[in-house]
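Given next, in structure tokens, is a single chain: the form predicted alone.
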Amino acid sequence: MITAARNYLVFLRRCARIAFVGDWRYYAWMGALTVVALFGLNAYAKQLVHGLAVTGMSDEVSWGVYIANFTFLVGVAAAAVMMVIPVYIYDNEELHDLVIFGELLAVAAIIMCLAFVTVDLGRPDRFWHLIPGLGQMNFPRSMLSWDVLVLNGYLLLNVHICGYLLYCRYQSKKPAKWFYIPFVFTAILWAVSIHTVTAFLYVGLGGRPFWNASIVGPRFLASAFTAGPAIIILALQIIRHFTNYRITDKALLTLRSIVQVSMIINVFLLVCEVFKEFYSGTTHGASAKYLFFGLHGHHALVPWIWTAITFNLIAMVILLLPVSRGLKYLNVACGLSIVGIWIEKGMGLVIPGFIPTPLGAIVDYVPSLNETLVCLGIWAFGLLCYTIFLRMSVPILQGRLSKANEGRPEIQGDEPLAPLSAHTPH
């Protein structure tokens, strides 16, 4: 037991050391992210001192860009399952060695989700009221308690799966299936649950008719399974460009098929929702009218939503055409999908639900500079985490960082990465 603990601590120490080793591009990237994250931390410190008054939110619009980013990132985290399912259910060899990158992205996304929830709390020091035993979690009556459980549970599941597989690879041992396969299938179901519960947070608010539609849950999943794999496609190409890690075009095109089908479903569900809002012609369609065409001279979100729809439609057309088999056009489609869905699920979903208010008032919401800096800081911190995860995992998966070379000098940042010589044991 003592030897095992010592070996694991050595593993953690070596992983931590390699995270700070790289060439000038690595240091420049990490330095830039650190600067942005510090600006965000400084902005959040101002918010802690002065309260949510420094944001663009108000009594009328109490959810803003923080919850918009949270909603988008929950989908990114859930989309990791789109790599897990082909590997563990359909035994797809092309994605076999890459699935861990999707799971690491899920870990980074959940960290950002929790950060966005934290900054959205006016008094984060009172969070202990949700801790069972110390406070009252109100489970299962409160949807917030469900969200706390599914987010933290999904984070722990992915940390366990990634950590265990990487440690086994480090030791050149075959992982015990009983110790991770049950967690993998649990994570598949859990991934669907985290975005479904997030959708229920909106649907369950009876006083906001814009969100009172059973189609919100399926829309969330369809958009998540579009934007998430699109981000993974771009991330895998960056990994392939800056390392010699073997990532085939076939693997990227497999993910393209997922994005293609999910985007079609996402656009179809959006059309269904638009029909429901406008065809009935009831007063409950005021929020949708404000979003798409403006209401009583207020048009703040109209350019945003039509930009999102345009991007999504262009991305769908590109994905349906054979040209998307080329990485150049595929990358364009992925970029448009990510931006379009971020707008649609963020500002296009959260803000209109508050407009008009139950008393009929129309209050436009514009994020403040302080609010924007906090958001940029959290995104920078999440990218910082994901970069560190990749910096540690790639040498382990390639066999360059292993227990066998424990006594040798640490890997240098400018040392070329060797091609992957064997499949990652899963």
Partner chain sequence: MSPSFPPPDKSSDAAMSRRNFLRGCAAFGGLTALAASLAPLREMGEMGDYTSKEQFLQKYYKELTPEDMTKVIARIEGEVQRQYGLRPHVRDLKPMDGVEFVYCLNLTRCIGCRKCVHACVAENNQSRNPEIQYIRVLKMPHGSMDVEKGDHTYDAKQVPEKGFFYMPVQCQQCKNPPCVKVCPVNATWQEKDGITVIDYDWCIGCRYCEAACPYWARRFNFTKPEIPRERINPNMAYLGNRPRKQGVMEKCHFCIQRTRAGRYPACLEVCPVGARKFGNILDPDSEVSYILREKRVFIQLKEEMGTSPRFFYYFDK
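Numbering follows the first chain given and starts at 1. Computed from a predicted structure; not experimentally measured.
Just so it is clear, the following notes concern the form predicted together with its partner chain, a form of the same protein that is not shown.
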Non-hydrogen atom within 4.5 Å of its partner chain in the predicted complex for each of V21, Y27 and L130: yes
S62 within 4.5 Å of its partner chain in the predicted complex, heavy atoms: yes
Non-hydrogen atom contact M57 with its partner chain in the predicted complex at 4.5 angstroms: yes
Distance check, Q237 to its partner chain in the predicted complex, heavy atom within 4.5 Å: no
Partner proximity in the predicted complex: Q398 to its partner chain, non-hydrogen atom cutoff 4.5 Å: yes
Sole residue of G135, G281, P182, P322 within 4.5 Å of its partner chain in the predicted complex, by heavy atom: G135
In the predicted complex, segment of 331 to 339, 197 to 205, 94 to 102, 79 to 87 with a heavy atom within 4.5 Å of its partner chain: 197 to 205
Heavy atom within 4.5 Å of its partner chain in the predicted complex - qualifying residues of 327 to 363: F354, P356, T357, P358, L359, G360, A361
